[in-house]
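Given as structure tokens, the chain that follows is alone and in the form predicted alone.
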């Protein structure tokens, strides 16, 4: 969004926030991590000793029953349970009196055999011994039977475990700090625009009207700060001008009615007509208040709401995977994909009638209505005991999400004009992407620290906060005077929009494949593939953050390019092809980096095409926007593109059992690239300006 003359002020405030937040948090984190490392090493030694002693007791109990150490049964399974519950322990083993490895779990015998043979016989008179073996610290404890030493129990832990954990904690702190800075930026942006930039822009507009002779309005600013004081002084001057005008008109009327000289009365009348021709004042007797709607009015509440919803983004498939699957008709992959698909279906259902409701009730009321299913869905998602329950509540959450986002889009659409439409919608996209960046990153750390269910409860709390903030900021938006109210009771009327081939092609070959890529590849496949390669939840979240980060940067420039050059169709075509190519590149090589490359390509693709898609609608659907309202047409587009959101994870879940994870990625990428290529071939026929065929037909 444009910050006008307040841009430099915002930048200075942001730099101040960085200076205030980063050095203290960095210093405190460094000191805390240093003390953590100093305290953890002895604790790790004690834990290894405790685990070792417990194993010795178990083995000695079996030996006491006359079972030879080498004949023990179920040792590997027992070791596996111990290792799974103690990730800091790398391996467990039992050796004979000569150092021969009898049982070993978690390491290769060739790495340890020579060291154990050299150590054999040195434990007979000891309670234990610690040996450095490569990257391992090995704690050996003697196992004694009736006849003396019968073997040894070995507990090995990685000496770099503390460093790796500290490194992970450092990354988590960096993620939290980065998210805090983004939140601080959003708050500063709101403060500057709401208290400085917006009011001063309103004053500038009133001054501009005054230059043209229009003194019918004064800025409706009700702040108590310096800007508010300036506005009160300015309004007092406007009232003086209005009072002087009305005094002049009263004097002229007195001259015209009371003067006996007809010539003087006519000259007074000419003066009055000339003044009325040059200047315009409010007919009600006093200047009215001018209150301009800005796209930034809904940015902070929208940011908090989407932040809350995005907290579960990095772990939702993993949470579904951990729940009981009580339906046997669907494959495990389809059951895991079900919550995502139902959530998107809920968004589609809400978007279907959200536009008409927003036109009728106003953005503020629809936003507040949408909060009810959103809060309920978040709370009950955390309490779900099966995949079916989770899917149901995610669908209800999606319904609330749709109502809120459609209400915000309707508000922004009415607060902008053709010259700044893409930029205004870019403000919406920017808030969504900033929230996705923070929510995804914080969600992974939060789920790792407090668990899946409590993370949903935090989401519910943030949704409530966003509703309270919006209730304070947003007023009901009346229907714009240049747009007629949406047609009521004629649901089939809007369906004629499919006769507009430009709209149909945009939906089928641009909007839907973009959502297939988003939900099928990014929401479903990426978390499961990363989890399968033993990445932790914070690591998955940090990798998934790349998508909103890249999209945020690209979208910032793409919206301005679209407004300045009008190359919206071309940007959508290039973005679609770029997304399909990126997904295919992710499957060419093994490892994490190709997957991250696909995420980066997808973020850049959607950053190029998201805002231009929305901004293109009034151009290609000019008549439909006039008849049914721009909000309803935009809501229809968002509803139809959700078909791709629903199909995406289900399609990936079908491909996975057939061709594996890499094959599913290739299949999704091929579908997206093929549909984007069709749109690119048809994009050259779009032309410029509104949908002329529909316009001519309507006449």
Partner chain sequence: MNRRGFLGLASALALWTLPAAADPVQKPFRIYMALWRGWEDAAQGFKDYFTNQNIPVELIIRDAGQDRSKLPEFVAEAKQLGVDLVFTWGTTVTVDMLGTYDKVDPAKHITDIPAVFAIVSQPDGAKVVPDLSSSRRNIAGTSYLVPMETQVNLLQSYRPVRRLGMVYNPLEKNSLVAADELRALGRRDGFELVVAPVDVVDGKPVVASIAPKVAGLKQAGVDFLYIPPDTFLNVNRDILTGAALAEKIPSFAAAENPVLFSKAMFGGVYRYYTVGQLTAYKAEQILVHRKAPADLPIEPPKRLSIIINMPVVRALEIYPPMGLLGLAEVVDTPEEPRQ
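As the structure is a prediction and not an experimental result, all values here were calculated from the model. In this text, the rigid core denotes the largest set of C-alpha atoms whose superposition between the two forms falls within 1.5 Å. Positions refer to the first chain, counted from 1.
FYI, the form predicted together with the partner chain isn't displayed, but the following is about it.
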> Would residue 72 count as a contact of the partner chain in the predicted bound form, using a 4.5 angstroms cut-off between non-hydrogen atoms?
Replying inline: yes
>> residue 662 versus the partner chain, in the predicted bound form: is there a non-hydrogen atom within 4.5 Å?
In response: no
> Does residue 59 reach the partner chain in the predicted bound form, with heavy atoms at most 4.5 Å apart?
Replying inline: yes
> Would residue 64 count as touching the partner chain in the predicted bound form under a 4.5 Å heavy atom rule?
Replying inline: yes
>> Since the partner isn't included here, can you check whether the partner chain sits close to all of 68, 78 and 146 in the predicted bound form (heavy atom within 4.5 Å for each)?
In response: yes
>> Using a 4.5 Å heavy atom cut-off, which of 634 to 642, 654 to 662, 51 to 59, 667 to 675 contacts the partner chain in the predicted bound form?
In response: 51 to 59
> Core-aligned, does residue 74 move its Cα 2 Å or more between this form and the one not shown?
Replying inline: yes
>> Following rigid core alignment, is the displacement of the residue 146 C-alpha between this form and the one not shown equal to or greater than 2 angstroms?
In response: yes
>> So, superposing on the core, is the move of residue 103 at the CA at least 2 angstroms between this form and the one not shown?
In response: yes
